[in-house]
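Just one chain is shown here, as structure tokens, and it is the form predicted alone.
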């Protein structure tokens, strides 16, 4: 078993860590306070190839392996957590459009998305439908050579700034999962409206409520046959959930590194804080847990790259990674005393940002149910 990164992956880590430190971290607090979408950072990530990692090479992508995707999520998470949404959502769009879009759709939308010039959102969640994604109420009715889409999507990351969205709508009222179809919907079409949401964290990704009032979409914008939309998005969730865990761990890891530097310099009772076991033991525990979770993530992505099942491992990382990151960042905040509690230091923002992905892409409860089913069998639960 080889647990080492390749020379190319080591170089990627160095490059992205430097980029995150120099180009993202200095602006992260400003983006958070203003709610400004970091469009220039999106373009920079596009230039680095990060937004085309899961896009076919013929349309400007990299077709990178899953481990490379995970490395990118972890390293960008060290600089600005919101920017990791660009990697994951462009990746999902690249896969879904690349596999299911017409040639016209792929040529029009994939290259500028990979370059960071165009933003595509993923519109799955609805006000009354979160974890039970097979029960969507948004509907798409056939009307000649087009579809009329009606319904509401809520909590849509990048919803206020995206040029288009992959919208999942019901084409068969009785079909549950088999009745859901995916469409690429330009968000400047008549009948589309957007309302911003005021979130606790990740404010720069401009989450929104999207409303569709009989929006007419040409049938050429349907992605794959009717009834396949649910399965298209679920295929991407396994690897994306591991990426979310690694992004969370990236934010936690840089917090631990900053805290280690601080406690070695900070004096109390005539000696450095690092000399007190109450401080050093907390750091040792955090480092141990982060290392264990990180390697579980990389094993999951290794399994994915080998074409082996990894749904169980993916769900394990998704519930554990964000929760562990929140707990670790919280501990780092406390070790900095009152200044850790202010917005002069990045801990409170990182903690707010990561909490959002204790919910998004699958709650801890749903992830534990997935793990339990894999271990015990569906018929036992």
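Numbering follows the first chain given and starts at 1. Note that the coordinates shown come from a computational prediction; the quantities given were computed from them, not determined experimentally.
Not on display, but discussed next: the form predicted together with a small molecule.
- When contacts are judged by a 4.5 Å heavy atom cut-off, residue 25 does not count as touching the small molecule in the model of the complex.
- The small molecule in the model of the complex comes within 4.5 Å of a heavy atom belonging to residue 131.
- Residue 239 falls outside the set of residues with a heavy atom inside 4.5 Å of the small molecule in the model of the complex.
- In the model of the complex, no heavy atom of residue 212 sits within 4.5 Å of the small molecule.
- For the residues 184, 83, 180, 156, the 4.5 Å heavy atom test against the small molecule in the model of the complex is passed only by 156.
- Interface residue among 299, 115, 221, 207 relative to the small molecule in the model of the complex, by the heavy atom within 4.5 Å criterion: 207.
- The chain is drawn here without the small molecule; in the model of the complex, the stretch among 188 to 196, 118 to 126, 67 to 75, 284 to 292 whose residues come within 4.5 Å of it by any heavy atom is 118 to 126.
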